[in-house]
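The form predicted alone is given below as one chain in structure tokens.
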Amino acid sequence: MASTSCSLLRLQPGSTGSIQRIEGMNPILRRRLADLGVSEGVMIRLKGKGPFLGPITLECNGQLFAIRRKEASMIEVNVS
């Protein structure tokens, strides 16, 4: 099966992907995500999307956290 690359926002809840690239993000927020284990090459699962364009809930390395949709759109993932 071939892997495809897309924005984290395009994933459906419950889907898993490997982070390919994080671009255009505020360096402070990027550092905070790195402290949580979010970086290129890491597996991430989209747990849910908040209603009314609310935050995106993610799971990475056993931790649950939420980020804004704006930041989620800057994360590109490989889905197989």
Partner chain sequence: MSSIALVGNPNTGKTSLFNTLTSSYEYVGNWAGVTVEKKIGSLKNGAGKLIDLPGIYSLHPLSRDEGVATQYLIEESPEALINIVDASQLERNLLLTLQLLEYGKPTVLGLNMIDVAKARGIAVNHEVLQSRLGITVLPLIARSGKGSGQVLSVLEKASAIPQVTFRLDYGELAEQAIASIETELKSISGLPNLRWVALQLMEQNPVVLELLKKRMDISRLMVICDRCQSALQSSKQALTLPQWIRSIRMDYIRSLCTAAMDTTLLKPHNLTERLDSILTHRFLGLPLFIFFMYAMFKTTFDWVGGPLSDLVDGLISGPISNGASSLLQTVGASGFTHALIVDGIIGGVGGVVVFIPQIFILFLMISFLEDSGYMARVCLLMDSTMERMGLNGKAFIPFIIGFGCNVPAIMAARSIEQPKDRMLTTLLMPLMSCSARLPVYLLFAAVFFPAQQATAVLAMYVLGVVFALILCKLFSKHLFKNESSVFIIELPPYRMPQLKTLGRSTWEKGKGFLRKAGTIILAGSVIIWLMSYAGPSGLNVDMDHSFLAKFGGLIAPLLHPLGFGTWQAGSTLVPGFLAKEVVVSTMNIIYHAPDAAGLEGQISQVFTPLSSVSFMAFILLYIPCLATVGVIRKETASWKWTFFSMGYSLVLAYLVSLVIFQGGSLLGLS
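Numbering follows the first chain given and starts at 1. Model, not experiment: these values are computed from the prediction.
Beyond what is shown, the protein has a form predicted together with the partner chain; the following relates to that form.
- Using a 4.5 Å cutoff between non-hydrogen atoms, residue 18 does not count as a contact of the partner chain in the model of the complex.
- At the 4.5 Å threshold, heavy atoms of residue 67 reach the partner chain in the model of the complex.
- The partner chain in the model of the complex is approached by residue 33, whose closest heavy atom lies within 4.5 angstroms of it.
- Taking a 4.5 Å heavy atom cutoff to the partner chain in the model of the complex, the contacting residues in 56-73 are 57, 59, 61, 62, 63, 64, 65, 66, 67, 68, 71.
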